[in-house]
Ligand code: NAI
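Below you will find one chain, with nothing else, as structure tokens; this is the form predicted on its own, and questions on how it binds or moves follow later.
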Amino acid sequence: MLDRPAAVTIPLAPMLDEKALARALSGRHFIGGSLVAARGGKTFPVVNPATGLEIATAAEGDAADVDAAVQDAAVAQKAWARMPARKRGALVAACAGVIREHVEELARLIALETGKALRTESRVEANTVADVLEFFGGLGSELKGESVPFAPDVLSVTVREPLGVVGAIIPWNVPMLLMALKIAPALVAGNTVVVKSAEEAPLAVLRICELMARVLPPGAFNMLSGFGPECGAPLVAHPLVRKVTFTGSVEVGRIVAKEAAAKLIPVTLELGGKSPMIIFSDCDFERTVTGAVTSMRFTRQGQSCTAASRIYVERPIFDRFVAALAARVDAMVMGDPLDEATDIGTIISPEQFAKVEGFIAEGAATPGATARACSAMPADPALRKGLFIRPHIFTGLSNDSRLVQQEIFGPVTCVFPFDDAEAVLAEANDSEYGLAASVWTNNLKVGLALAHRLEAGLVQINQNLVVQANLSYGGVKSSGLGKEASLESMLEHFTHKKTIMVNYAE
């Protein structure tokens, strides 16, 4: 076996002291069934964005750590692939049961490291992880082939086979959920997985890995933390990694795709969006205002690929809608993410904070634009160094503004009036992104007509749910390649089809 640094263990029972749990996970990868230090001994700080205080360290992975994890995963994959598919599925479903027992600790830990509000965001995400594992766990029997009518005396069939070791790179905004959407179908399909966590949010996903290892065989699921060039790039480039699935920025996605192309391996990319929300005057007004608050993901500080950051409102209700939306957001409480009274938490990092502040300043300085700052900054002195930004609603911007065309990934939405359905469709499609969109109208003929013509991978009418298990999710244009969250994602992205022919002619 590979030489491994000394492993550590943490208690089996749920730990509801999130700070103690963060310390227990400090400075560790998860390789071959054990929490281990980085081979180079390096770590980097994990900071609570609500206070600016260091809560833990994370292992700083490099090519040596990547090689160790991939080698272990490759060894484990051979036996894992031989296991009956339904048994693999049953084990993944059993992992869902373990996660359900630890939902509260995971919710508290993710709130601590990302600044996402416990009640409105973190607890929901932790529960959804269990749902995703349970969903894919039940799909083991769907790894079916086909009988092909090639010739009367030739039996021709296809079978689905796993790819091997999957490298998964995840972001920081909903790291637990987006990791689950990658690892669950990969594992059920017979692959083993090495995940590279986001440097801003390495703890909760590491805890999930450790929890799932209580059910899965060693090496089936491995976790590394570190930075893109030193840890992510060697994972993509490793010769034993046969598939890469990545969620993140367009810029990094292009780099990942180029490296995967050099190896001629398949890649799935989910690269963000600039999602339009189109509202007609015949909509259910109160339901639509509530939907706009949800669609913009204000409780997550707008840090969502599907955030409705472009809202187009039919002119007769435009002023009324803007006033109602501002009033709703004004009533939301921004504060300590671990406080049950908090609706809105923080931005993830100082770098993201500066980026969002820059966009807000640019929009506010644009001639003819109006910026409405909503909610209120936390009054608690302990949060004075926290990365809190008041949600902003902009009107009066042109469709070619940077705030309208670029993904801000912050609590900023731009609202426009429109008079004509054809014109608003053209503006909604005037974007390099094509992840999601929504239409709000009681005229389903109008709604469906727009749904078919909007350039987006997911279009919803009179709702804007976040990604759900069993609904195919993925974008077009610069929003990425491939689908997640569905049976399709398991079959098309984590297996290959082999044809077997038997000639039994005499």
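Worth saying up front: this structure is predicted, and the values here are computed from it rather than measured. All residue numbers are counted from 1 along the displayed sequence.
Below, we refer to the form predicted together with this ligand, which is not included among the displayed structures.
(request) Spell out, yes or no, whether the shortest heavy atom distance between Gly386 and this ligand in the predicted complex is within 4.5 Å. (result) No, Gly386 is distant from the partner.
(message) When the contact criterion is heavy atoms within 4.5 Å, does Phe135 count as touching this ligand in the predicted complex?
(response) Looking in the predicted complex, residue contacts with this ligand do not include Phe135, since no heavy atom lies within 4.5 Å.
(request) Mark Phe246 yes when one of its heavy atoms lies within 4.5 Å of a heavy atom of this ligand in the predicted complex, and no otherwise. (result) Result yes; Phe246 sits at the interface with this ligand in the predicted complex.
(request) Indicate whether Pro411 is a 4.5 Å heavy atom neighbour of this ligand in the predicted complex. (result) No.
(request) Mind telling me which stretch in 193-201, 215-223, 285-293, 69-77 gets its heavy atoms within 4.5 Å of this ligand in the predicted complex? (result) Selected range: 193-201.
(request) Select from the listed residues Pro266, Gly228, Gly97, Gly358 the one whose heavy atoms reach within 4.5 Å of this ligand in the predicted complex. (result) Result of the distance check: Gly228.
(request) Taking 4.5 Å between heavy atoms as the contact cutoff, choose which of Pro185, Gly345, Pro175, Gly232 touches this ligand in the predicted complex. (result) Comparing distances to this ligand in the predicted complex, the residue within 4.5 Å is Gly232.
(request) Just give me the residues of 279-305, first to last, that have a heavy atom within 4.5 Å of this ligand in the predicted complex. (result) Going through 279-305 in order - heavy atoms within 4.5 Å of this ligand in the predicted complex - there is one hit, Cys305.
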